[in-house]
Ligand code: HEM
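Only one chain comes next, encoded as structure tokens, the form predicted on its own.
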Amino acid sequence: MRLPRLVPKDPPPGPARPDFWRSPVRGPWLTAMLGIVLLIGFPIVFVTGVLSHAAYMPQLGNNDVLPRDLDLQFITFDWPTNPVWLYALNQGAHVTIGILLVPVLIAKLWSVIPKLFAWPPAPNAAEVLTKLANLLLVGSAFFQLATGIANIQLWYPWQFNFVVAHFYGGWVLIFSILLHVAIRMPKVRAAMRTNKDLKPLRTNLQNTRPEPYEPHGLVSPNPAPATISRRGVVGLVGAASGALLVTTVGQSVGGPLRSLAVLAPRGNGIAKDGPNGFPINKTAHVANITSAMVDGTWALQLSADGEELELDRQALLSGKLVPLRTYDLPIACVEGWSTTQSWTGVRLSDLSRLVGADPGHVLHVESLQPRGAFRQTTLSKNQAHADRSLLALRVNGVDLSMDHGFPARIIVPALPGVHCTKWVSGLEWSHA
């Protein structure tokens, strides 16, 4: 007795029919070319993301943003303080390259869309596993890009913790890429060999022809006349990525491009508040900091191994106990923007000597913030004792504004901006 078919042999009308997709440029070469770009770009985004997590130094004190027993950060080290632009470069590359990959990913999905509707949907177990692997890859790629771009805009329409989800999502994506490469690399090599690498990019519209047809492949059995060449498709994708580059990269590199960074509203450098007119992620209002908390009663609490000292802002500004220093240092934010300003304050290493701390101590920093992430952070011993690590009191020759951390904030070379704690209330040096 023959069992009935669960799926009809002939595909239903519409996108499941092979001749529904008629573009003559769609085929193995274009898919392979776009895939190679993603294969280069996504690992760079992943590595810079892992390095960003390392820069948070989750192994220290109050810096862990993930459960310690579930943290996939296999390599931890003291993030260096030199060169001062290290974190700005890392995070600028992470965010900018991620944004530039969006048009490439969309084009790649367009190039393989016939496979999404291939009939029958699951002819065998191997094809089922392949489609599940593809679903994991596409889903994780879109999740990382979508949530990352939303984070740049400080827009969180979800209920989960972005940092945790984005970190684990990165690992899912990189393993999905490795699995996809293992499955598809033979076809990629064959496609590039058949078309002699970049030859299609030298072919104009009039000479654009479909690639050889293969059943159940990407090439249409009934291709339409070409309306765009493969060179045109690649150029269109490149132009889209280029437009995103021009409207984004200024937040990281500065200069004339900064004013064009319209897709990075916190990093376009449009100053409205004079010397304090540079980007802010968390305002005093958002952090629940009031003027009463930072008025004349504010005092900085210093402690180390039982030694304690309290200093008001005037004592710090007088330069009598420790000298004032001025350094040009960047703030680099995890959202990708960075800005270099002239900071004036007292060195953390000089303050440490007032309470007898030694170079082996780490530094616990506490903010006036009544609640919220990174209200307390820990600086490594090399950060706490670096020559240009400051408790900043002024910026660009004037007092810090409330939004920039008045009465005092941390400024450490190459430190992620989220750890440059604002509204500092206490500094405690300890061995752990």
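Keep in mind it's a predicted model, so treat the numbers as computed, not measured. Throughout, we count residues from 1 along the sequence that is shown.
The form predicted together with the named molecule exists for this protein as well; it is not shown, and the discussion that follows is about that form.
Participant: Check each of Trp85, Phe167, Trp298, Phe278 and return the one that places a heavy atom within 4.5 angstroms of the named molecule in the predicted bound form.
Facilitator: Looking at the other structure, the residue within range turns out to be Phe167.
Participant: Work out which of Leu145, Leu309, Leu263, Val294 lies within 4.5 Å of the named molecule in the predicted bound form, going by heavy atoms.
Facilitator: By the 4.5 Å heavy-atom cutoff, the listed residue in contact is Leu145.
Participant: Can you pick the stretch from 121-129, 108-116, 149-157, 204-212 whose heavy atoms fall within 4.5 Å of the named molecule in the predicted bound form?
Facilitator: Contact criterion met by 149-157 only.
Participant: Find out whether any non-hydrogen atom of Val37 is located within 4.5 angstroms of the named molecule in the predicted bound form, and reply yes or no.
Facilitator: Answer no; every heavy atom of Val37 is more than 4.5 Å from the named molecule in the predicted bound form.
Participant: Can you check whether Gln91 is within 4.5 Å of the named molecule in the predicted bound form, heavy atom basis?
Facilitator: Although the named molecule is absent here, Gln91 would touch it in the predicted bound form, with heavy atoms inside 4.5 Å.
Participant: Can Val163 be called a contact residue for the named molecule in the predicted bound form at 4.5 Å between heavy atoms?
Facilitator: Val163: contacts the named molecule in the predicted bound form.
Participant: At the 4.5 Å heavy atom threshold, is Val50 in contact with the named molecule in the predicted bound form?
Facilitator: Val50: yes, in contact with the named molecule in the predicted bound form.
Participant: Would you give me the residues of 297-335 that have any heavy atom within 4.5 Å of the named molecule in the predicted bound form, in order from first to last?
Facilitator: Contacts from 297-335: Val334, Glu335.
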